[in-house]
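Read the single chain below, which is given as structure tokens and is the form predicted on its own.
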Amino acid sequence: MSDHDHTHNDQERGLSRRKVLECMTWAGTGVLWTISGGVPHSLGLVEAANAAETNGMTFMQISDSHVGFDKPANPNALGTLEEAINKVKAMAKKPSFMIHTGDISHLSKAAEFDDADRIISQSKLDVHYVPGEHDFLDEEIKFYRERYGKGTKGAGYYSFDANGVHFVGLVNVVDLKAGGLGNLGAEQLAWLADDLKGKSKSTPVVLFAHIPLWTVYPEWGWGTEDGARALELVKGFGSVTVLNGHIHQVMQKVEGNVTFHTARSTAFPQPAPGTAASPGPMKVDDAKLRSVLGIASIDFKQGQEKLAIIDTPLAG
């Protein structure tokens, strides 16, 4: 989606860029959101949400583990990943599965992937991965593909169905230029169109990728240049959820039938859009670090077209 398209659409809705950024922060720390009819409703704090019984399918999202990162922003990224997995293990209701929205490793080293697998496997959940740009740094991109690419198409995209929901894992980090927007490419988009053929428009769809499919902040490459083409393919569906990582903070917005949600990192925070000279690891006080790292739990109730998202910090 071009910058012009986003600007034009936002102006049509009477939204300034500042207002859009305000709306994207609705899903604040520890709040349970229910998306019904395209409108977000706050149901209460995390403690109340965790105590509530859910009858639908629940799955986890974790993101941006950056195993191997050891800079001042977090000298022990592996340790905070383990804390996140312990949060998953402690959940009263075991999730159906987990989605990891990329940057499993920091430098695409075999040992980093090995360490990540060792920790994440402790969740005892099936995990569905998509790559981040940090997972594609080795020359042949073999380490990611050997572990997570079996049975996928192209650079690693695929789909699956669970409890009546159609999930699509997309790859938008191939040939990514520093500071550049993500890209899906014509081949993947053609596959997506074919994948969605024959699906009932009442089928809930979840798209997940590393870089946001919507333009959060183009100056930092926080968006996907042809993301609008993917979103056009799902606009006829009654319920669409788009999950991403990459920006290491919770942002959410709703456009028509589509709910966009980005996740915290389990490794380190990044600055809010435009509040620093550039994106990257942000050092915070040691006592605050775990309040800006976390995981997300998503609950779907069959037949209600309702999605509840619980964002849980590691501490706070």
Partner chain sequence: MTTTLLRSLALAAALLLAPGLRAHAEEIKVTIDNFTFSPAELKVKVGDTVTWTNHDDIPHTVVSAGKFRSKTMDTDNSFSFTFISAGDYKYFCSLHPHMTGMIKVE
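Positions refer to the first chain, counted from 1. Values in this document were obtained by computation on a predicted structure and should not be read as measured data.
Only in words, not in the display: the form predicted together with the partner chain, which the text now covers.
In the predicted bound form, does each of Leu176, Gly221 and Pro281 have a heavy atom within 4.5 Å of the partner chain? Every listed residue reaches the partner chain in the predicted bound form, so yes.
In the predicted bound form, which of the stretches 80-88, 155-163, 230-238, 99-107 has residues with heavy atoms within 4.5 Å of the partner chain? Contact-bearing stretch, as computed: 99-107.
Any of the heavy atoms of Glu133 lying within 4.5 Å of the partner chain in the predicted bound form? Taking the distances in the predicted bound form, the answer for Glu133 is yes, it comes within 4.5 Å of the partner chain.
Residue-level contact is defined here as any heavy atom of the residue lying within 4.5 Å of the partner chain in the predicted bound form; does Gly180 satisfy this criterion? Flag for Gly180 set to yes.
Would Gly151 count as a contact of the partner chain in the predicted bound form, using a 4.5 angstroms cut-off between non-hydrogen atoms? Gly151 lies outside the contact set for the partner chain.
Lys201 within 4.5 Å of the partner chain in the predicted bound form, heavy atoms: Because no heavy atom of Lys201 falls inside 4.5 Å of the partner chain in the predicted bound form, the answer is no.
I need to confirm a contact call. Of Lys71, Arg145, Arg118, Lys94, which residue comes within 4.5 Å of the partner chain in the predicted bound form, counting heavy atoms only? Spelling it out, the residue with a heavy atom inside the cut-off is Lys71.
Are there residues in 247-273 with a heavy atom within 4.5 Å of the partner chain in the predicted bound form, and which are they, in order? Residue within 4.5 Å: Phe268, and no other.
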